[in-house]
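Have a look below at one chain only, the form predicted alone, in structure tokens format.
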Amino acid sequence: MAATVLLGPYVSEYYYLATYTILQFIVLGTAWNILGGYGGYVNFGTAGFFAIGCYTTIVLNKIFPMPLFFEMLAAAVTAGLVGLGTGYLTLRLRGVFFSIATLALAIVLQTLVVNWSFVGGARGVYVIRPPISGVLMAFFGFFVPNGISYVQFLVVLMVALTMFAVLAAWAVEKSWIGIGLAAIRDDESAAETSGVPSLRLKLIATTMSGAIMGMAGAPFPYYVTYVDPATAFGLAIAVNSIAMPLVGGTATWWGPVVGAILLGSAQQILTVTISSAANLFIVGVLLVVFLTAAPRGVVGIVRSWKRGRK
């Protein structure tokens, strides 16, 4: 917070927006990796869970406005329950069938939102940012320095959420849940034969993954101030949340962090130097390169280099 306040007058707001975007994709990539990386179940429905978080904030803002922190908690609960229900219905499917089912979920959710006039429907809805002093007082309960903007506040909030998501992924990886998910990823039939409670572990992973994605989507309406289904369910969200863990490496908690920083920074540079339309093209090219030349991502390259040194 102190660094944001001190640097605020000297740093263009674009850099805060770019930082927010990169942090958002670290959270989404980390959440996707809990199920897709550790468990080996590729989820194409990231945009659906992200949009649940967005529209939870919009609904609460219309019905009963509250501090963003509580809206994020509500988004986590809503998206987590959807993840739990989706997992219970689809996790008996394997491979491409599960992936298609998660994609269908995102399409169903988008269709519902497009036809829901209360949240703007296909037209979208504008969201008014609350006064920054009131927001920060509600969060931290102390005097707010002059000069801090709402975008800077969102960056601070997303830093905290990023730390929480990465810590949660680290805890999962080091716990019995991560060990069980790794066994499922390697050979689910053998894992079940050995006594691994595969369905329970997968339900835990889908619930955690959905909840964190929902939390990432909750601040988004205040970030863009206008949300429509095409934005909330955007292709860029779905593609990046998968591409960044694959580029960084899905075997560890820090792979999605590395991938999001590399790809997110490249996209922001391309946006201001060439065109924002080139973003997904670059992501596609890097995906093809890494999947063919380095399927284990940057993490695999670093580990191979260390083994070679030894």
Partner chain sequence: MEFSWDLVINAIVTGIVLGGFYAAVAIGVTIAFGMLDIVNIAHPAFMIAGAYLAFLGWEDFGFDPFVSMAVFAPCGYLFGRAFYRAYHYFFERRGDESLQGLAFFFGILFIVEIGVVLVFGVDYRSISEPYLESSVSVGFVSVPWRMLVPFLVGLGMLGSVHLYLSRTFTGRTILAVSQDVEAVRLIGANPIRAKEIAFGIAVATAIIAGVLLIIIQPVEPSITREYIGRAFAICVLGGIASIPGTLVASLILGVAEALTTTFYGPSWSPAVSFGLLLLTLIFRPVGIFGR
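Residue numbers count along the first chain shown, from 1. The shown structure was predicted, so the numbers you read here are calculated from the model rather than taken from an experiment.
The next section is about a form of this same protein that is not shown, the form predicted together with the partner chain.
Enquirer: Which one of Val82, Leu154, Met72, Leu105 is close to the partner chain in the model of the complex, taking close to mean a heavy atom within 4.5 Å?
Expert: The option sitting close enough to the partner is Leu105.
Enquirer: Considering Val166, Ala101, Val159, Val224, which brings a non-hydrogen atom within 4.5 Å of the partner chain in the model of the complex?
Expert: Of the listed residues, the single hit is Ala101.
Enquirer: State yes only if every one of Arg94, Leu112 and Ile242 has a non-hydrogen atom within 4.5 Å of the partner chain in the model of the complex; otherwise state no.
Expert: All of them do, each having a heavy atom within 4.5 Å of the partner.
Enquirer: Test of understanding: in the model of the complex, would Gly53 fall inside 4.5 Å of the partner chain by heavy atoms?
Expert: Outside the cut-off, so no.
Enquirer: Would Gly36 sit within 4.5 Å of the partner chain in the model of the complex, counting heavy atoms only?
Expert: Residue-level check for Gly36: yes, a contact with the partner chain.
Enquirer: State yes or no: in the model of the complex, is some non-hydrogen atom of Thr250 no more than 4.5 angstroms from a non-hydrogen atom of the partner chain?
Expert: Although the partner chain is absent here, Thr250 would touch it in the model of the complex, with heavy atoms inside 4.5 Å.
Enquirer: Even though the partner chain is not shown here, does Met66 get within 4.5 Å of it in the model of the complex, heavy atoms only?
Expert: Met66: no, not in contact with the partner chain in the model of the complex.
Enquirer: 53-61, 256-264, 279-287, 23-31: which one contacts the partner chain in the model of the complex at 4.5 Å, heavy atom to heavy atom?
Expert: Within 4.5 Å of the partner lies stretch 279-287.
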